[in-house]
Every structure is written in structure tokens, then in C-alpha cells.
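Before any questions on binding or motion, here is one chain by itself as C-alpha cells, the form predicted alone.
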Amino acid sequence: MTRALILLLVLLVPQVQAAIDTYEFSTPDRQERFSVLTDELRCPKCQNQNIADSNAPIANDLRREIYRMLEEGMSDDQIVDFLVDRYGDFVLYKPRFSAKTLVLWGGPVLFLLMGLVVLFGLLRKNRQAQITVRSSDKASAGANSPAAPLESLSDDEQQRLKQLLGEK
């Protein structure tokens, strides 16, 4: 039993062991920038993990590369530009506004405007249908009343009405 428990622990240790990168930065500011950059950049292999949280080998390489670039004195924009040049806009959680990302940024606004136009069109059509029904109800109610104008009757109906009333 003891051997089985030890074997189980030995087999589980590699699964539990997490990859923890330890970098020694020359300044606390660079460590802060490293943390921000690795949180804001997406792992090229993983679908929705940033570089800091990913355990993919490429994320490990990118953390090392970011550390190297920070220690060489590169700015955040230079580091991000380097990664975008290498992996495309996919590595950015917040893609930059450009001609390539115009649909990405403008699409939601465009769909919202299209939805509002359709909504207002449907409301206007519904309102006009209600007005038409009300006016036809009034016309039919008015035609049945004794004070209905004779103009709403056809010529044959008007002559027949006059005959019934005794007029000539």
C-alpha cells in the first residue's frame, strides 16, 4: 500500500509542478512593465490566454524574449511592434485601429445602426397600419350612420335611396 501511494505521488508531481519563470530585473519599473506586457499580449498558440498565464512553450519563449528586450532598454511600443510584426495582430487583445481592423472596430457600430434602422422601420410600419385600421373603422362606422354623406354611395345606390325616400 505504501509503495502504491509513493508511486502515485511520484506520478502526480510532474502534473502539479507549474512552470514559474523567475527573472531578475535591473529595476522594479522593468518588472512592472514585464508584468503589464505579458498580461496584455495573447499567446500565439492558445486561443484565449495571455502570455503570462499560458504554459505553452512558445509563451515561455516569448516571456524570455520580452525579458531580454526589456533589459536591452527597448520601449513597450517597440516590443509590441516586434511581436506584431512576427505574429500579427492576433497577439494583441486590443487590436490597433487601422484599415485592416476597420471592420473589427466599426462592425458593432454598423450592426447597431442597422438594427436601429430596422427597428424604427418596423415601428413606423406598425404605426401606419394602426392609423389605417382606425381610419377605416371610422369610415365604416360613419357609412352606417344616418348622417353619412351621399357621396360615399354609388350612383345606383343614391338613386335607389332617393326613390325610397320619395324624392325625385
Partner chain sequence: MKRFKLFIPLIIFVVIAGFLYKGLFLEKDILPSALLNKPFPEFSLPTVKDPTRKVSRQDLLGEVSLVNVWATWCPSCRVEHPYLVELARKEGIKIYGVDYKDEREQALRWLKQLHDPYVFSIEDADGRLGIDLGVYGAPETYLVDSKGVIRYKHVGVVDERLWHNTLKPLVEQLRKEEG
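Numbering follows the first chain given and starts at 1. Remember, it's a predicted structure, so these values are computed and weren't measured experimentally. So that the term is clear: the rigid core is the largest set of C-alpha atoms that superpose within 1.5 Å between two forms.
This next part talks about the form predicted in complex with the partner chain, which is not shown.
With the partner omitted from this view, the residue of L104, I131, L123, M114 that lies near the partner chain in the predicted bound form is M114 [heavy atom within 4.5 Å]. Between the options L110, V36, I58, L119, the residue in contact with the partner chain in the predicted bound form by a heavy atom within 4.5 angstroms is I58. Using a 4.5 angstroms limit between non-hydrogen atoms, V80 is distant from the partner chain in the predicted bound form.
Looking at F97, you'd find every heavy atom of it more than 4.5 angstroms from the partner chain in the predicted bound form. Under a 4.5 angstroms non-hydrogen atom cutoff, the partner chain in the predicted bound form has R68 among its neighbouring residues. In the predicted bound form, at least one heavy atom of F90 sits within 4.5 Å of a heavy atom of the partner chain. Once the cores line up, the CA of Q128 ends up 2 angstroms or more apart between this form and the one not shown.
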